[in-house]
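Laid out below as structure tokens are two forms of one and the same protein chain, each shown alone and named structure 1 and structure 2.
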Structure 1
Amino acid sequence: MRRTWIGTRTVRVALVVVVVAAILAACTSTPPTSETTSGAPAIKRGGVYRVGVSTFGNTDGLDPTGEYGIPGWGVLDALQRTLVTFRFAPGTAGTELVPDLATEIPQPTDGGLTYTFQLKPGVKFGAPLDRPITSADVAYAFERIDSRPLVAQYGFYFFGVIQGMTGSAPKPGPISGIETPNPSTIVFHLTHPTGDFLYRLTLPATAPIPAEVAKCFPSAGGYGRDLVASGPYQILGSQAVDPSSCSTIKPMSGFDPVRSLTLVRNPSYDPATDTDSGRAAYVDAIEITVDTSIADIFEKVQTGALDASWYDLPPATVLQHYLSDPTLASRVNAFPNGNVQFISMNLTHPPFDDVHVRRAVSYIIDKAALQKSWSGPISGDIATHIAPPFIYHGQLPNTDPYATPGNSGSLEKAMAEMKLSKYDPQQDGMCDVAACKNLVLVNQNIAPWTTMEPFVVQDLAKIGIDVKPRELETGAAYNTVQRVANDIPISMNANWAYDYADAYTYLLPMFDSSSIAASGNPNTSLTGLTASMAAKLGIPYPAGGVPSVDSSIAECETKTGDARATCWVGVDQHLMEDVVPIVPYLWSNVIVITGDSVTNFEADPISQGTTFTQVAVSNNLPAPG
């Protein structure tokens, strides 16, 4: 999910954000109360932003140490602050790195190996602690990342980068590469110069965490129900939690992972300590309600019972209704978020351990039909490579290694590739053996994935690959695919977005062997898996081995500027043409429909979706609690 400035270079990435909205007002660090300097009416503060969603889709129960979903990160942006952040603003303004908890952005010393941060005075945790945030709280966040039982799903950004961080600690404990000489100073010592280290410190897992509460949750996902806020909002019911001992800590009432999440203002948050980020915090509360009926969500938006949808794709009939009505079209907000949707194939599981089978799948998939299932072109562009073109700064050739007429798939090309496979002994262009039958295909149980499913099933059947769909709730689908022991052969619920706008944040987590983990595994294709790793994970290892791009990724990470972008292009092309672990089919947009009560809506590079701190409403509803 994220942002910009690559390595040490000074060229910003212009993120293209298309927002069809009635009002897109510029935010300021301290919102005015009457009128702006230009004389335009100010954005009104107060009210409750009411949002409907079919599922939270959390990957780790909102525990920032392991939460790795775009929706979860959007919520954490309202609850937490980090040492540095990207400015809360749309478009290129949202790519500027600014100090947050830190007094300033430091320059590295010791040849790029040491970063020293000073914390601002007056920054406090919210309820139930209401105490100053110290350097020890920031250090404890990294200790949790380093703890194996807590399953830090993107710990790879820090393992082997900060001295002493390996991700193998049995529990949170001191890290040799992190010093806290006093409550307001934290020092990081790196193993090697890392040009984008500051950007990694914007990630939610690095936000300060109080040990006196979080220590009570020694396994993955538990802390999300009692997350102590450092940002402008906190979970409703925070003040009722008794932190005197682990036995007295009960879940905050405002978060039911299957029903609702309510955020209210954090009274311990002092805007005077937050003058650089641009956080506006207009509304008094944010109410997110789970409604498994997507049609019901959009009906409530239209009637005013909800103020907006969140990230569910509107049904085609609903979207057409809004776009065809001039009085409603301004409520449709469509914006790219760097998200690539793809079909993932397990390189250790027959028949997908054969590159010719994987190429055949890449040729047979009707991408045009899948795009139509997502509501057509408004839902995003058909993907021809892994990361969207802006990630490569115009250096990605405008080519498609699996081009087919109308992007509708080619049976002829797919069968020609299948004939080269060991799984086609009859040489008829079909996957003929038993390994091609009764394969589990994991999918989400909501549209547009359920709408796409018949197309994928019938396309694969054309080349003899027989799959049995298994539809699961979003979070369960991710967790099932990301648990290596489940040995899922193929999945279509897969997607990935940038953590900050550099190809490293796609290619390393998705394809480097260092990101493979027993659970919470982002490298679902298992690209780069070695025989020793397979033995430790307790899974079979194919006789022909598994291709690796580890060395290529490591080489590119040392580069900066245009040389870096060119290097990443080479890795992308090699993966698409020679390794073929996935079939990217859509660079998707987020489409949010807002109601009449929404007076300011913003989607920026920070959240890659609705930016909750920047939304304003006119409903005058009182905050709950």
Structure 2
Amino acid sequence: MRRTWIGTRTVRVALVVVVVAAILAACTSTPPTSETTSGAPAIKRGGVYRVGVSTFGNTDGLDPTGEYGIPGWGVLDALQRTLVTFRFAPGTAGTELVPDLATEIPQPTDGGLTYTFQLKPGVKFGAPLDRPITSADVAYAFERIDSRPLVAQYGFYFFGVIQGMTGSAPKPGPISGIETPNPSTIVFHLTHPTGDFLYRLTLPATAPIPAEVAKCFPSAGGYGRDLVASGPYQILGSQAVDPSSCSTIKPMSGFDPVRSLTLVRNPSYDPATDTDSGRAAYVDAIEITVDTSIADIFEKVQTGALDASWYDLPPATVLQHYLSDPTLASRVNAFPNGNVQFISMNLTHPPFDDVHVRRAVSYIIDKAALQKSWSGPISGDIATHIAPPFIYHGQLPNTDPYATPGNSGSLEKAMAEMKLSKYDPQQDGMCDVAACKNLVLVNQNIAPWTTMEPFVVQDLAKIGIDVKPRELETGAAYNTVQRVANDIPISMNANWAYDYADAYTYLLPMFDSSSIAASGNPNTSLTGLTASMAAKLGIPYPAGGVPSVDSSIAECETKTGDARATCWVGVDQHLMEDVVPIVPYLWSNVIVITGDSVTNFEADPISQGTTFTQVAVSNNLPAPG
């Protein structure tokens, strides 16, 4: 899970763009050449797309091998191409996997253990190399992932999956499970059939990396300032880098990790090699400026000094300003980002070791009030299960095992469930025992989490659960909850999203016992914990045990297509109805405010906020450099 102050990932799927209808119609059908066949006005190319952001939030300095931050993935999406990618298109069209560097999407052979890709001819790296991309460059990206010093932050998608990849190599070197028989062929040998392996090849770390430059950066993060592009844009100043030796390579001038990033067109990029992905690359340049004042960013968007915000959530006051004015309302772009916000309960900690208590909590929470604390329906849909519906391709419609009138919670249902609990000896629908008093509730110390807190505290008190909120800085809140020894009974700081459009990226890290770790533990409910694991982690193990979904997840992991989605639906429902480790309350949206200079806007298929390759502006500004 990537963490930022607003959440994690976005999705190409279900991009709900609320730009003016004419523009929307144009953007859904416009080919990269900007010509339209529908009769809608052609989208003008050129200009500079200027955005402000409170922080880059990079986790590895934009080095694709380790970068796991939301903004970083958005930028890498414009800079890089991968073997396969999700189509750059809004709506369901964006769920389609298409070849990118590869000539076609291969069918696995050898019982699902081997994938062979042919690379398109004529695809080249940008400055300063301007040379053809070969299979060795793709293989080198995996060698970097496998190198321990480079800290591939989501290498777990490949360790133990591709033969020979363990993440423990001292430096990039050959991997037994990856062959490059010739410059245009790469073969992956897996250890076991992995139904979503092709999805994993859309991740930015798998994009080709030239060894002659990247070898000069043997530790994590360094390569980000000299990233050699393969996509339609490159970092400003790429041409000035001298790659003749490591000592002559200086940081590209267009990237200051704390102030700004400027992307310009990559002259080595040939659109003729990129006919499947739908990349449009309308603008000549993208300027991203860090402005720590979020209010200032939105002020600048309003005055025209910036073209748009990026992934900072607009405050409710800003939304009020835009939505109350019919001439401005169309500039508010809200779209799902695949992020589920939830309250997590520790299955080993009384009273949450009793499923009836967990169900009672699920019934009592006023999700409508929480949604309003996030600025109301525009902030996202109320969550009724774990992964958002689009992940299941429509196989889990309107399922809510804890439905209440108006999503406002039901005291009656909650008390009825509580009466079934061992923690309600008086059978009055209230938790009567000491285990329900003075429970630490970890929360973030920023809005909207602080705004939600009194509602959660009040709701829990209605069924006799007395919590003591701890409002912590975002990072501290995560660290506290994710350190198992802290034995936090309940938390409301966390959220989760996907790395690619598959429920695996929610359900395995959140609920599989294999993801439980002493610190940095994403499975905060400790679903699947065993007695021996509890002993090692130094926490008490409940007499009634802890439910597990490990076998269900393992079964689904091997499936593909609709059968896979159906399988995941079953796991989600089982978790919600029988395990109840979390109370999901919101599938949150990303909200971007655009200025009147923006003539086309799309949500990003990979990162959170903006598809830089699909935006268009009318400002006619010249590209820098």
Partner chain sequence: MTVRAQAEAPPLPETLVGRTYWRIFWRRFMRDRVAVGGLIVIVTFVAMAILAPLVAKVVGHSPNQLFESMRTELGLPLGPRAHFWFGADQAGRDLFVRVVYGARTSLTVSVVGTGIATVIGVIVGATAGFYGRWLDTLISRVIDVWLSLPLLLFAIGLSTVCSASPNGCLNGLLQPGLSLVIGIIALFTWPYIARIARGQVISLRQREFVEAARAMGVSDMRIVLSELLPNLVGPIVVYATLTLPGNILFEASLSFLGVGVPQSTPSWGRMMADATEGSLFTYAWWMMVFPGLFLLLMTFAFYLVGEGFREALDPRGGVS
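The term rigid core refers to the most C-alpha atoms you can superpose between the two forms while keeping them within 1.5 Å. Keep in mind the model is a prediction, meaning the values are calculated, not measured. Start at 1 and count along the sequence of structure 1; that gives the residue numbers used here.
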Only one is the form predicted together with the partner chain; which?
2
Comparing the two rigid parts that turn against each other between structures 1 and 2, the one of 76, 337, 115, 207 sitting at the hinge is 337
Swing of the smaller rigid portion against the larger one between structures 1 and 2, to the nearest whole degree:
27
Could you state, for a rigid core superposition, the Cα shift of residue 390 between structures 1 and 2 in Å?
3.6
With the core held fixed, residue 355 moves its Cα between structures 1 and 2 by a number of Å equal to 10.3
